[in-house]
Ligand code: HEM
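To begin, one chain is listed below as structure tokens, in the form predicted on its own.
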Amino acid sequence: MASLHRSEKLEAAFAALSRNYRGLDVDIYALCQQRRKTAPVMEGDFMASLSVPTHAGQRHGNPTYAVFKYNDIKAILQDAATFTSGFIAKGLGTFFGGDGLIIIAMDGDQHRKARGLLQPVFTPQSVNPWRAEIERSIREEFIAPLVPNKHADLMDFALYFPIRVIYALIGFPQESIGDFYEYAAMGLTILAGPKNDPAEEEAARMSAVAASQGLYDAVIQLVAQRRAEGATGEDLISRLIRAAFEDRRLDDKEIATFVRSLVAAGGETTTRTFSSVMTLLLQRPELVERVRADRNLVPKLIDEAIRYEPTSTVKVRQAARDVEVGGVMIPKGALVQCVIASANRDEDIFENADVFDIDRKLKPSFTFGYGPHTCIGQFVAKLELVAAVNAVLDLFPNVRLDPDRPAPEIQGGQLRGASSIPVIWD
């Protein structure tokens, strides 16, 4: 690939992250369907039963419950006062080192104020000015160089383009893109920290904390540089330096901490979502032709794909008081696993829930979260996804799955996606 700097370290880190959360080779949707019917709120660690670690880590010692119905999960995600996130600082947060204070681990007024500072930078109106550069980068740097080959594995560039976009938006110097793939590998190492085995988790924590510090050092240096220059640009760091909420501004440490978590999570989520979108599309040749002819369908394709195959199958909260959910009393301190993969296919909410149908009436799915902790970067992710799908359809004539290669398969107990999507075109 002529224009793409490849990074063995990044590719190895992504593969390790996928393995870490793959779990048992079971049909998670069939299990969830059974739970919705027989135990919509169950006592016990559902994700551990699939051999999948969660953001809570192994050291919490709290009772665990799992919730499977859409309306129950919606109520939990909306009520951040009763169902809190601070425990994440003692789980996944410890792999970031320091106080483990990342925005997904904040509660109450602290979260409201942090969100108030960050959110305006990520509204649709704010991210739209980035659209042209996102589209140009994906087309010219990643997809156009492949056109003469008439065959490719879409995942060869799907790991790189979201990282390239984040890199540009953050404001790192263009000539150092190779370094940034190293930073992104550090981010994936952090996310892969939680393990099922406590001894493995301790070993993973050491390498994750080292990676986290290396990533922080790179970002804080850039934040200081942007502040010294006056922070007049439209890059993310400059915008965050200028951001104000209730007469408060972010300091350098807060900006660097947030940007570090964005580097860790922002790229790989988009990669996995792209893999599922393209797999579900290419499995249906008649749908490829519909979408190719009417690009207004691309956002509907993406929305249905993230409902049907959520990248992350579970979101965990902690009960701040004794609370009843679906007729089951959950004690204060218990961890509550909201099984998004189940909610998104709840037959009481979605007609023909197990059918992939881009024409269905749109209802909120929980893939990007819901309520106060809704994913702050979802509009950037959707911009990238629309740009990538359109570029593939524009530049690869009659693109289709390669009949001589294994068909793509979406897998994973927690982080779901396809690891390979071999295609050919005319």
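Values in this document were obtained by computation on a predicted structure and should not be read as measured data. Don't overthink the numbering: it's just position in the shown sequence, from 1.
Keep in mind that the form predicted in complex with the ligand is missing from the display, and what follows is about it.
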Next item on the list: Decide yes or no: are K9, F14 and F161 jointly within 4.5 Å of the ligand in the predicted complex, with each residue judged by its heavy atoms?
Entry: no
Item checked: Proximity to the ligand in the predicted complex, single hit among S238, Q318, T269, T257 (heavy atom within 4.5 Å) -> T269
Next item on the list: Name the residue from R226, R205, H111, R307 that puts a heavy atom within 4.5 Å of the ligand in the predicted complex.
Entry: H111
Check: V389: heavy atom within 4.5 Å of the ligand in the predicted complex?
Finding: no
Notebook entry, point to check: Would F368 count as touching the ligand in the predicted complex under a 4.5 Å heavy atom rule?
Noted result: yes
Next item on the list: Although the ligand is absent from this view, report whether T273 comes within 4.5 Å of it in the predicted complex, heavy atoms only.
Entry: yes
Note to self: in the predicted complex, does C375 come within 4.5 Å of the ligand, counting heavy atoms only?
What the structure shows: yes
Check: Which single stretch, out of 360 to 368, 22 to 30, 63 to 71, 39 to 47, brings residue heavy atoms within 4.5 Å of the ligand in the predicted complex?
Finding: 360 to 368
Notebook entry, point to check: Judged by heavy atom distances of 4.5 Å or less, which residues of 217 to 234 approach the ligand in the predicted complex?
Noted result: none
